[in-house]
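Quick setup: one chain, the form predicted on its own, written in structure tokens, and binding and motion questions come after.
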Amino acid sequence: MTLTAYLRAGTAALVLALGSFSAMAGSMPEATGEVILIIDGALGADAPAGGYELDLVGLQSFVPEEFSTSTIWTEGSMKFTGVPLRDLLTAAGAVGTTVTAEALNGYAVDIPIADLDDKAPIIAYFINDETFSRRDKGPLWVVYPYDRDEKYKSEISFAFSIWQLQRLTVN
């Protein structure tokens, strides 16, 4: 490998690392389009008074996680793409022990932050590489890789799999 190739590889690795670091270091993108998610509650001192408002572009600025899985609400396996919930909470400076996920219809669940994995659940913004409407459980859905591990095939994971997500409140 030539020196130029090493430098290109090193630069690419640095860009990826810095991109991941910015999402983990407490920086949150500002919404410039339609707000589809609010993160509020027990957040770091740098958080705005009303919490953070995110649009689709802001969510897509995080390093995405994607997996294919079947669900009890859909037919067949589907590909889900989104942001790991842990990454969002870390970037927002969450200092609580639970996060209340609230849907557009008022349904809400309290998810223990300590139970979050690095890559699951995700806040899915794409199903099969496309956005999805409120009619189809969108625009955001808390999804676990149910087929990846038996621990995700539980009533608890199913209860936490809230669709039409609109707000995350850290408690």
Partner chain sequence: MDNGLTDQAVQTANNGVIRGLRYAAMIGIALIVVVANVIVFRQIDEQMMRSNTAETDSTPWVLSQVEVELLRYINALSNVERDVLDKDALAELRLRFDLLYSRTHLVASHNKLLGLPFTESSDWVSIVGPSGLIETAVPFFDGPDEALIPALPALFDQAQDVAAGIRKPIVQSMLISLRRLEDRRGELRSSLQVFSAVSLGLLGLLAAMMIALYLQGKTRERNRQELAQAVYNLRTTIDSSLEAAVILDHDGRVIGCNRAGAEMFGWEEGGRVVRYFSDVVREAKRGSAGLVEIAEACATVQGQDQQRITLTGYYQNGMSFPLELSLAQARSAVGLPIAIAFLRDISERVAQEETLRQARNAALQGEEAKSRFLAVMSHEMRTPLNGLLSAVELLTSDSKLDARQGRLVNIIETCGQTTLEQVNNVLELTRLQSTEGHSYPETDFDTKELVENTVAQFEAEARKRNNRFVIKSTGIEAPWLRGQRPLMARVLRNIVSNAVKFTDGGVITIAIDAQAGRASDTCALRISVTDTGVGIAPADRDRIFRAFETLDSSYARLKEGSGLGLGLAKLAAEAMGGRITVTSREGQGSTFALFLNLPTGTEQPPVEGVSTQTKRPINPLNVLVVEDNPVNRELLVELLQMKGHTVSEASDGAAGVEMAMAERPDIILMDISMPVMDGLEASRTIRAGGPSADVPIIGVTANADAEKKARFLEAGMTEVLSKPVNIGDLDRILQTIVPSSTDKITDLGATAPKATAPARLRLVIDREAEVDRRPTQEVQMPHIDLPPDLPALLDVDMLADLEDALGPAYMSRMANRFVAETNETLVAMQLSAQEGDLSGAAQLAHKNAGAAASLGLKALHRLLVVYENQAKAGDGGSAELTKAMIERIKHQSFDLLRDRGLTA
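Everything numeric in this text was worked out from a predicted model, so none of it was measured. Numbering follows the first chain given and starts at 1.
Keep in mind that the form predicted together with its partner chain is not shown, yet the notes after this line are about it.
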Go through 31-39, 117-125, 53-61, 132-140 and give me the stretch that gets within 4.5 Å of its partner chain in the predicted complex, heavy atoms only. 132-140
Thinking of 46, 97 and 100 as the candidate spot, does its partner chain come within 4.5 Å of a heavy atom on all of them in the predicted complex? no
Residue-level contact is defined here as any heavy atom of the residue lying within 4.5 Å of its partner chain in the predicted complex; does residue 160 satisfy this criterion? no
Residue 148, heavy atom within 4.5 angstroms of its partner chain in the predicted complex: no
Do residue 164 and its partner chain come within 4.5 Å of each other in the predicted complex, heavy atoms counted? yes
4.5 angstroms heavy atom contact with its partner chain in the predicted complex for residue 104: yes
Residues in 56-75 that come within 4.5 Å of its partner chain in the predicted complex by at least one heavy atom, in order, are 72, 73, 75
